[in-house]
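Encoded as structure tokens, the following chain is the form predicted alone, with no partner shown.
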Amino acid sequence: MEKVQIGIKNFEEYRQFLDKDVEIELDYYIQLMKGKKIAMVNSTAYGGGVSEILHSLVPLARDMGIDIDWWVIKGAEEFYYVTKAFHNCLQGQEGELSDWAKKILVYYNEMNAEAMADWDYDIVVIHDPQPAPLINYRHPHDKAKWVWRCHIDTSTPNQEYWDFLYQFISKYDSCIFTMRDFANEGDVLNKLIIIPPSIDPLSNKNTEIGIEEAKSIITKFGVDIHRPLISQISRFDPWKDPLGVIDVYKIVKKEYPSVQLSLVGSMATDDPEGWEYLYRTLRRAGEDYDIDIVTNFNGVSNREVNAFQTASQVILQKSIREGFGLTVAEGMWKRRPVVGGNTGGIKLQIDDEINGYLVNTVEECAERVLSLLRNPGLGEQMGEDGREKVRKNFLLTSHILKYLKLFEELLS
């Protein structure tokens, strides 16, 4: 396990997004947490929504005066294959949990636990299944409160995988889920808390850029800025349904021939399955040069993602299962209409027909995209409503406030 080196944030720059009552409450809880030490632990420092949040949350919390560190567990390829299977099966995918997989998960957690020997934290937050067994190796004199933060939908899990993981998470002092519906109601979890994820409004991905600058950036990836663009930004993963997105585009294309599609993804270090699904997506796209498929290996970073979202007429997040879907909040923050799968945390963000659309099928998704392309004024109004929804509910400052409230309650 190693500590992640983080950047610098300035809390004063974020006050502009806060309502006065929220600002007062946040300052109050910051003072209550003075002198307390917090550790965040996850499986990767790059790629995926959890690491993206922590790259902003940890330095901003530090600038607020919170003593907080971020640790990442280490693992070999076999560990990430096993944990990816846990991720999928906890969301309901079929499959048998082998004794080998159990041993791999436990072995790497035991190995990483050596770094905890000198810890003196008051709060330890463990993110997702990968490092969940670490709690078995806490120091005998450890007085910290341990919190398990689950970012995925475990409401209908593969029971074999869930039962194995439950022996660890049942030991935590508190468990955080994105939605109450994500928790397996049949199990007893200590102090179940609901905290949705958040976006950083001042990160390179979300700070406002002009439309002309955005267009200039995406032209480098072959996009024709003189024609309408729909885009989906996400991992290449079966739950994100990039193949279904291409099917949506093909339907839209028949009635709106000028449309283009961009699929923009990041290949995460803890997702070996991602490459296989990227290749499947490329095969589905075939030789249609109006489909643009790019990743961080093509030079896409946060600034480029910002540009694709800013320059799109419609943003998709056609997930089949979804923990939250940060890209939904990102698109809404940029005042763009978002069409999302009617699932998981996407339903927390999109109020159907008010600030976007929720869809269940390829055909329904295509119909909604066509209505937005034909009626730009509708998209603009949805975009304004979406930005306000994000400001009040899904910005980084609100996320930190919810954490601090939980920490103070656990410690008191």
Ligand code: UDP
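For clarity, every value in this text was computed on a predicted model and none was experimentally measured. In this text, residue numbers run from 1 along the sequence as written.
Beyond the structure shown, there is the form predicted together with the named molecule, which is absent from this document and is the topic of what follows.
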- Message: Is the named molecule in the predicted complex close enough to 229, 284 and 292 that every residue in that trio has a heavy atom within 4.5 angstroms of it?
- Response: no
- So which of 354-362, 368-376, 41-49, 55-63 is the stretch with heavy atoms within 4.5 Å of the named molecule in the predicted complex? 41-49
- Task: Would you mind picking the one in 234, 112, 174, 88 that has a heavy atom within 4.5 Å of the named molecule in the predicted complex?
- Result: 234
- State the residue from 337, 265, 129, 341 whose non-hydrogen atoms include one within 4.5 Å of the named molecule in the predicted complex. 265
- Query: Does at least one non-hydrogen atom of residue 326 fall within 4.5 angstroms of the named molecule in the predicted complex?
  - Reply: yes
- Is there a heavy atom of residue 145 lying 4.5 Å or less from a heavy atom of the named molecule in the predicted complex? no
- Query: Should residue 261 be counted as a contact of the named molecule in the predicted complex, where contact means heavy atoms within 4.5 Å?
  - Reply: no
- Item | Any non-hydrogen atom of residue 149 within 4.5 angstroms of the named molecule in the predicted complex | no
- Query: If we check the named molecule in the predicted complex, which of the residues in 197-220 reach within 4.5 angstroms of it by a non-hydrogen atom?
  - Reply: 205
